[in-house]
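One chain comes next, on its own, written as structure tokens: the form predicted alone.
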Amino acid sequence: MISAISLSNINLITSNNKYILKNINIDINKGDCVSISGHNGAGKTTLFKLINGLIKPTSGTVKIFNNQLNNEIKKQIGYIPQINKFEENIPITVKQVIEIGITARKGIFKSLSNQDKAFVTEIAKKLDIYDLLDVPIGKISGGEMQKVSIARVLAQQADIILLDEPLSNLDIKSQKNIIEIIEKIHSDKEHTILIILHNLEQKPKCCNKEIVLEKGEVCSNF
């Protein structure tokens, strides 16, 4: 099996010696779909930020595909935060948000090729948001916003996708739709997916591993 994410002896300690994460040892293989759960304040979002390189551990190592985190490796990770909103009148379209994924991969000074633009269209059709491409991002619904966020990381061609409570504040129909999309994306086993869930009954069928955090520690990993 190919290792996608390896966290070894991770500790994250505040300046007043409080543990946010303690003795974290996690190994996730390429193609895994992993649910992560725990009470509020358990360290779930912090774990994602650490995997994505947004924060550094006090001690321990984070490896992505057996490599230490660096700017090139970070391009392989697509991160969808829990709060993912835009101001209603922001002058940016759905298409432009999806294109941010390509920019993240190619670099901000590289222009989009015709092939890149066709790729955005292809992804939008796959996620059933093609008709929204020219709509201002602040005018779409929460469920549509989650689709756009997923489209962005697909445009990035991220090998690892981190979804922080993607079903929060969505109606039941939208929740089911997002779950179906996650399962469809995972079906080719090309993507490694980690999902933070508040309600484990909503866990996608494709999840083959489960991690439970409690007070910054792994209390269950199977």
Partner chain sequence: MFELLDFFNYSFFNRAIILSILAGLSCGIIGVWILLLNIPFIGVTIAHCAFAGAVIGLFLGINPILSGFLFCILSAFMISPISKKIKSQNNVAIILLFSFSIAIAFVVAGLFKERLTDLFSFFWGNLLISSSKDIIFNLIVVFVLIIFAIVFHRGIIALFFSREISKSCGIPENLVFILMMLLVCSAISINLKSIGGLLIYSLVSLPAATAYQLTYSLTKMYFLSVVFAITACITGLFLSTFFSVPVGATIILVACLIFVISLFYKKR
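Positions refer to the first chain, counted from 1. Source: prediction; values computed, not measured.
The same protein has a further form, the form predicted together with the partner chain, not shown here; the description that follows concerns it.
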Just to be sure I understand the contacts: of 63, 176, 49, 184, which is the one whose heavy atoms reach within 4.5 angstroms of the partner chain in the predicted complex?
49
Examine residue 144 and determine whether its closest non-hydrogen atom to the partner chain in the predicted complex is within 4.5 angstroms.
no
Consider residue 79 of the chain shown here, and say whether it contacts the partner chain in the predicted complex, taking contact as heavy atoms within 4.5 Å.
yes
Using heavy atoms and a 4.5 Å limit, would one call residue 89 a contact residue for the partner chain in the predicted complex?
yes
Does any part of residue 71 reach within 4.5 Å of the partner chain in the predicted complex? Heavy atoms only, please.
yes
